[in-house]
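One chain comes next, on its own, written as structure tokens: the form predicted alone.
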Amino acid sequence: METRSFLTLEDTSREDLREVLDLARAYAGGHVREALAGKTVCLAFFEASTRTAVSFELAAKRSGADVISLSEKGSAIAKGESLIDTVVTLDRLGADAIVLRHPSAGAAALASHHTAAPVINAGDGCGQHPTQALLDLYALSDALGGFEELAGRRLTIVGDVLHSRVARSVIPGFVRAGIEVSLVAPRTLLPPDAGAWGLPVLSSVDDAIEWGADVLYMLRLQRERMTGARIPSVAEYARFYGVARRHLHSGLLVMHPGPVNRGVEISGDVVLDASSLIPDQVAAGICVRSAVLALSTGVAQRAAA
């Protein structure tokens, strides 16, 4: 069966998105049926992760795969082995899929050139995080009543776009699904090529609500990736780019890929409010990543039968 790496959503069609989400819904309904039985999935996580790592491991195990977990601390990378050599080793040892998280942008694409196994990008530096975008679409479509209900909705991505691989994946994903997208961020936290996206850039969360946003998608302020003074202060940032209870109105939904800096991107009393889809985003990770593993390894038809 044909295998395919899963590196980005930039060339993904609306029907491709629907295919993954439909399969994920089937898996959520209990139709996994040992889809990956006899397969070996290697989780190569060379950057810290909780939600992504745990949900990929649960997705693989619940689908019947054998799972090998690899981290920098417990691998030969700590001794100076290159990423390419590590990937070649996993390939020769018979990995059927490699789920890679790495601090360098482009690492997953590089790895895919050195193995016959499909490589699934679980986050590469400031590059891409495609499965996050898929689980976001899954959670949002569930909340709105189905995939078709996404078309025409207005969603604003708020915060540290410059350092966000999530933003680089959710923007093409949301746009392909028919969602109108705008951005809210300080100019210092917008990438130089942000204009190429052709999206409205607004000045604050208040402006996003005036624009008619149905959904506020908050990004984590990634202070560990910053160099120089990108913002005057965290308090000043939260004032213009944080969501507080005063912003909530009937029907407004709030999303965040996690982990949340409470009181910065979102006030503490909003994180678990009824308007928040954050718990639903986390829960969607298992079935969505089960679907991605099945499609990548070429067993999706067998799994859906």
Partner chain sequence: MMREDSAPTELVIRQAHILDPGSGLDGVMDVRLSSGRISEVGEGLHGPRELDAEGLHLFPGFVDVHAHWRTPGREDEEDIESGSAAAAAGGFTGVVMMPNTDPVVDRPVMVSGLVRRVERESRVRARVSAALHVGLAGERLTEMRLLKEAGAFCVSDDGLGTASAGVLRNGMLYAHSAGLPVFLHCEDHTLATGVVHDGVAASLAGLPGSPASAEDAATATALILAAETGAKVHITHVSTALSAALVGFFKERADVTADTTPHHLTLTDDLVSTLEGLYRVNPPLRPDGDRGGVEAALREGILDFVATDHAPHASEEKELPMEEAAPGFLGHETAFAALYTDLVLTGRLSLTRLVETMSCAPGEWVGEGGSLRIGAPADLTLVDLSEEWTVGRETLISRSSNSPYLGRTLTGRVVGTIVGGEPVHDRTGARFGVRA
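Positions refer to the first chain, counted from 1. Just so it is clear, the model here is predicted, and its values are computed rather than measured.
This next part talks about the form predicted together with the partner chain, which is not shown.
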| item | value |
| --- | --- |
| Triple contact flag G106, R168 and W197 to the partner chain in the predicted complex, non-hydrogen atom at 4.5 angstroms | yes |
| One residue of L110, L144, A151, V88 in contact with the partner chain, assessed in the predicted complex (non-hydrogen atom, 4.5 angstroms) | L110 |
| Position in contact with the partner chain when the complex is considered in the predicted complex, options V175, C126, I77, L202, heavy atoms within 4.5 Å | C126 |
| Residue stretch of 204-212, 184-192, 134-142, 89-97 approaching the partner chain in the predicted complex, non-hydrogen atom distance within 4.5 Å | 184-192 |
| Non-hydrogen atom contact R101 with the partner chain in the predicted complex at 4.5 angstroms | no |
| Contact test in the predicted complex: L83 vs the partner chain, heavy atoms, 4.5 Å | yes |
| D16 within 4.5 Å of the partner chain in the predicted complex, heavy atoms | no |
| D22: touches the partner chain in the predicted complex, heavy atom cutoff 4.5 angstroms | no |
| Partner contacts for 10-25, taking the partner chain in the predicted complex and a 4.5 Å heavy atom cut-off | E10 |
